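Next up: a single chain in structure tokens, the form predicted on its own.
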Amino acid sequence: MTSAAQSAARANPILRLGKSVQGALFRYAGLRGYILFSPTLLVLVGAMCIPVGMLVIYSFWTQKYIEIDTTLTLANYLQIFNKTSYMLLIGKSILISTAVTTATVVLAYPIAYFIAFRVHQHKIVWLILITVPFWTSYLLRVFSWKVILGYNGVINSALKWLGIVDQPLAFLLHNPTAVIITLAHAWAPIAILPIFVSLEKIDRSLLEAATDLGDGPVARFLRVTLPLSIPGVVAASMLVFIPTVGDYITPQLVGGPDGLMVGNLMHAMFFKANNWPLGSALAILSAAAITVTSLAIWFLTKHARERAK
């Protein structure tokens, strides 16, 4: 900065105040962290907190024909609690998502274990191959399972060709099982990555010590590898469980009437029945149920790890 510019800066009180504030903010490490985090914080507030806040407000209003009554009331929540089908659908969605999460983690763990412990070169290539399904549209993957499980699909055609069945199996599609299979396949790559990271961070000397103390492969896995990989398993479970509860595309395409979930009901309330207040109340209750279930899983996992220590 030239001497003239420096003189102008000293003469301008606004610039002096700005430099003083800047110096005070960057003098403390905590404040520097908040400054660096502020752009992300603004995005989170704008993209998540504001829409959720609007849902909360809408949930206390009521729909009166084509108009919304902005009088604060608990009518929507009382309607949901009094209508057994709504609560059963939320519970059913939790159960289906729990089954999807369990199946996904069971499928993802061996693959993550193989890459972490058996692949010694070009691991990045294997990780890229895992993400290949995401190069195609989610809808295309769902439709592909509809073709595979359909009445005249790949499985039924193969069974008829082999002479195992005379008529196609109708129970493969349009049921909760089809939803679980499709969602588990769709979310498996997401679950593999955190489990892989957790396994990759395990100190290999601990495994060697367990071997020296007489542990076989199974005992070494149960006593060392599995407990140390629990954080990755929990992270994978949360990444799968939380979004699948509100999924409505997969249940609609492959679930049929028996495979519908609470996301389908919320979609119908917002876009078909035009009842935004009731749909908002359903969304808030579903989010509360997801939060309680996730916290329960976290506390149980934490308690199990503490007992294992």
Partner chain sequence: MNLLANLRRPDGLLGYSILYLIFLYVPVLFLPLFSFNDSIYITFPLSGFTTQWYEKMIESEVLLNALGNSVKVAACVSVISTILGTLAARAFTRYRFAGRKPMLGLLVLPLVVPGIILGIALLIMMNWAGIELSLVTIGAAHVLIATPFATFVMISRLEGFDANLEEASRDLGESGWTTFWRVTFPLAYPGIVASLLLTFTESFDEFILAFFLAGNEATLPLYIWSQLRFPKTLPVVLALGACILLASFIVITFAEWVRRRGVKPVESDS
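Take the two forms, superpose them, and find the largest set of C-alpha atoms that agree within 1.5 Å; that set is the rigid core. None of the values given here were measured: they were computed from a predicted structure. Residue numbers count along the first chain shown, from 1.
The following text describes the form predicted in complex with the partner chain, which does not appear among the structures shown.
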property	result
Heavy atom of residue 176 within 4.5 Å of the partner chain in the predicted bound form	no
Contact label in the predicted bound form: residue 81 to the partner chain, heavy atom within 4.5 Å	no
Proximity of residue 126 to the partner chain in the predicted bound form, heavy atoms at 4.5 Å	yes
is_contact(residue 287, the partner chain) in the predicted bound form, heavy atom dist at most 4.5 Å	yes
Contacting member of 99, 111, 224, 233, with respect to the partner chain in the predicted bound form [4.5 Å, heavy atom]	111
Residues of stretch 241-266 in contact with the partner chain in the predicted bound form (4.5 Å, non-hydrogen atom)	242, 243, 246, 247, 248, 249, 252, 253, 263, 266
Large Cα shift (2 Å or above) at residue 54 between this form and the one not shown, core-fitted	no
